[in-house]
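Just one chain follows, in the form predicted alone, and it is written as structure tokens.
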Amino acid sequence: MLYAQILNAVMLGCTYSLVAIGFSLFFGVLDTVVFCAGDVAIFSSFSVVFLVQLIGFYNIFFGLFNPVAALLLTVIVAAIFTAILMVLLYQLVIKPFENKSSLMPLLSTIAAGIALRELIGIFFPEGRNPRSFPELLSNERILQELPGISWRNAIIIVATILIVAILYWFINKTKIGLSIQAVSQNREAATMVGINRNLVIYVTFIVGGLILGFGGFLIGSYYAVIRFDLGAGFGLKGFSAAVVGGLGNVYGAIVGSMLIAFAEVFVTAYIPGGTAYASIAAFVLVLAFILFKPEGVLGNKSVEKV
């Protein structure tokens, strides 16, 4: 029982992590919460459905390459669609309000998320109905001796770790990644030493869009059924995880995602009728961090001299 719940919590944490990382990346360079990140991830899930079920994109690659290459190419194309969408959202609903009140970008991204999910519901074929997600990852057990460890579960965990590792390399070992860190830490000083802040912002939104794109595929694979309005819930959970881990800290987002996932799963498993209280437990955890450790698990306290 305990083993099964730990596995469920890790799987759930993986689905939250990539959305939470998107929140932290965008907040780091803009100092603004991009509340449509969850809806963008679900857009990626629907992109995979479109590529596989509606136009047979996956089948074309399957005929030309082996199944693994076909899967990777399909997911990469969906992630590219998502990255393009993320850049367009920045251009249309965030950039025009950068020099205005800090509330304006926040409200505009909330409105963009609502518009995006409604557009999916209206224009996607039967978009308001739950859609079965293509079974691209096998649910067969790897070893009969290890219950619950299917190929799907293992791939979701390994893919999350691999994406985080690539992001770590990009942020810490490349010039543009170091520039992102510099802008995140001090925008004025970064501009003074010659860093192109606009380029950094666009690259961040491209990288964040790709991460949300892969996250949408993992979410769809884990839940097997997607809905046009799932983004609102994942946006709240992703933001909550980013707050618990330390808003603006990419690695804190992962820690926060796992903490929230474990809280939800263990409340569901060990409290009678706990399913109804799972989300409540997650937000009680967030409230506790806001009250007693507002900088989050891995966040830094900011001291401002007046």
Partner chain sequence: MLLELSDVYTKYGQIPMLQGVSMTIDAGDAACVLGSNGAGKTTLLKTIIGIVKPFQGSLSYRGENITPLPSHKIIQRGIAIVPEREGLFPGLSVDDNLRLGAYYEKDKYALAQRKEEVLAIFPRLRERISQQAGTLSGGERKMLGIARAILANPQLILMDEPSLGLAPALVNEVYGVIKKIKEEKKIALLIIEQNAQKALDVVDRGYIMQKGSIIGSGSRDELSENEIVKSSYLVS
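Everything quoted here is computed from the prediction, not taken from an experiment. Positions refer to the first chain, counted from 1.
Keep in mind that the form predicted together with the partner chain is missing from the display, and what follows is about it.
Picking from 185-193, 211-219, 75-83, 89-97 the stretch near the partner chain in the predicted bound form, with a 4.5 Å limit on heavy atoms, gives 185-193. Using a 4.5 angstroms limit between non-hydrogen atoms, residue 101 is distant from the partner chain in the predicted bound form. The shortest heavy atom separation between residue 150 and the partner chain in the predicted bound form exceeds 4.5 Å. By the criterion of a heavy atom within 4.5 Å, residue 179 is counted among the residues contacting the partner chain in the predicted bound form. Taking non-hydrogen atoms only, residue 172 approaches the partner chain to within 4.5 angstroms in the predicted bound form.
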